[in-house]
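Just the one chain here, laid out as structure tokens, in the form predicted on its own.
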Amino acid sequence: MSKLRIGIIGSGGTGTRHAERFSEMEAAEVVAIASRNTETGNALAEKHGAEFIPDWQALVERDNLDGVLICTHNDTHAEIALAALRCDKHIFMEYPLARSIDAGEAVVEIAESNQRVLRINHSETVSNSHRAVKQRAQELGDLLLTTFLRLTPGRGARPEILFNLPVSGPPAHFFIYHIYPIIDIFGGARSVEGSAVYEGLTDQGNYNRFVNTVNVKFKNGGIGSWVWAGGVEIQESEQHSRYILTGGTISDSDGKWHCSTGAEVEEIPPVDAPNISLQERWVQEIQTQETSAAHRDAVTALEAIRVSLSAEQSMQEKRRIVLE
């Protein structure tokens, strides 16, 4: 079988990491790199024996590509994905799926109708640990409450552009990978309410410190709560999750998951299954022309941005958003 020919849009840290991973695969070949930054784009293309193309539109229109990787700013993901899908390309993109719900719906719909493999880089889809937690949650009855908390003392190593509301959205949106696994386990939201405080907020939407909360009622019952705070006075970063169900509570601690009931606390080990990267799964799905699992996961990613972007709407309109 011939190698999958790949074009990568974006030459920053994420694009560089993906280029390394796909170049190591026998079944894939990096053919072209597109980037606004000609210096880093040319360097990345030269390193992997690929052609550098300054214009991403020209890249997606090329006939010698099977798939396109999207590693750009959040507000361009859907635009590039739609253009690539219209050129019959398979898509692997960084989260979030889109900067608007309408655009996200369009990407998922066209990928399904064109039978293209659309993969958003949510690692839970190949995580044996996440699969084990999901299975355990299904055994513990009805959901009562999920809680998530993340506190960080500073901006960390994240790119400066993330702290920009028009481009990246609120923290709930660029931290979408905290929302995705909970939506995958418990389903979509019936209503969403968000709030935020930003320090140093400029007219351009940049800021220095933030607190962002999101509260939801799930369609299947139960309540969910997420809290993010960055730049707060704390010595070390702190993060934890709790899933409280009628039959027990699932929580994370020191990188492991545990289930607590009135009788005992037990560790939840990962399921016993082969390890595969999401990049490898994408390549395999394209080769076998199997799109159903990718579509199902893309729908979950769409439900996740319904939460983050409805929370943004809630903040702007100062009201609870009821989802259809």
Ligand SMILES: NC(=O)c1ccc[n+]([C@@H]2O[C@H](COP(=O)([O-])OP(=O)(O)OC[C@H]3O[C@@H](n4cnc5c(N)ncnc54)[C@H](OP(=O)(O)O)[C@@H]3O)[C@@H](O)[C@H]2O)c1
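Residues carry their position along the shown sequence, with the first being 1. Owing to the predicted nature of the structure, the values given are computational and were not obtained by experimental measurement.
In what follows, reference is made to the form predicted together with the named molecule, a form of this protein that is not presented.
- Between the options 245, 182, 117, 71, the residue in contact with the named molecule in the predicted bound form by a heavy atom within 4.5 angstroms is 71.
- Taking 213, 121, 129, 100 one by one, only a single residue has any non-hydrogen atom within 4.5 Å of the named molecule in the predicted bound form, and it is 121.
- Listed stretches are 201-209, 132-140, 73-81, 248-256; the contact stretch with the named molecule in the predicted bound form is 73-81, by a heavy atom cutoff of 4.5 Å.
- The named molecule is not shown here, but in the predicted bound form it comes within 4.5 Å of a heavy atom of residue 14.
- Residue contact check for residue 275: none of its heavy atoms lie within 4.5 Å of the named molecule in the predicted bound form.
- In the predicted bound form, the named molecule lies farther than 4.5 Å from every heavy atom of residue 165.
- Not displayed here, the named molecule is kept clear of residue 287 by more than 4.5 Å at the level of heavy atoms in the predicted bound form.
- Within 4.5 Å of the named molecule in the predicted bound form, a heavy atom is found for not a single one of 146, 186 and 224.
- Residues of 34-63 placing a heavy atom within 4.5 Å of the named molecule in the predicted bound form, in sequence order: 35, 36, 37, 40, 56.
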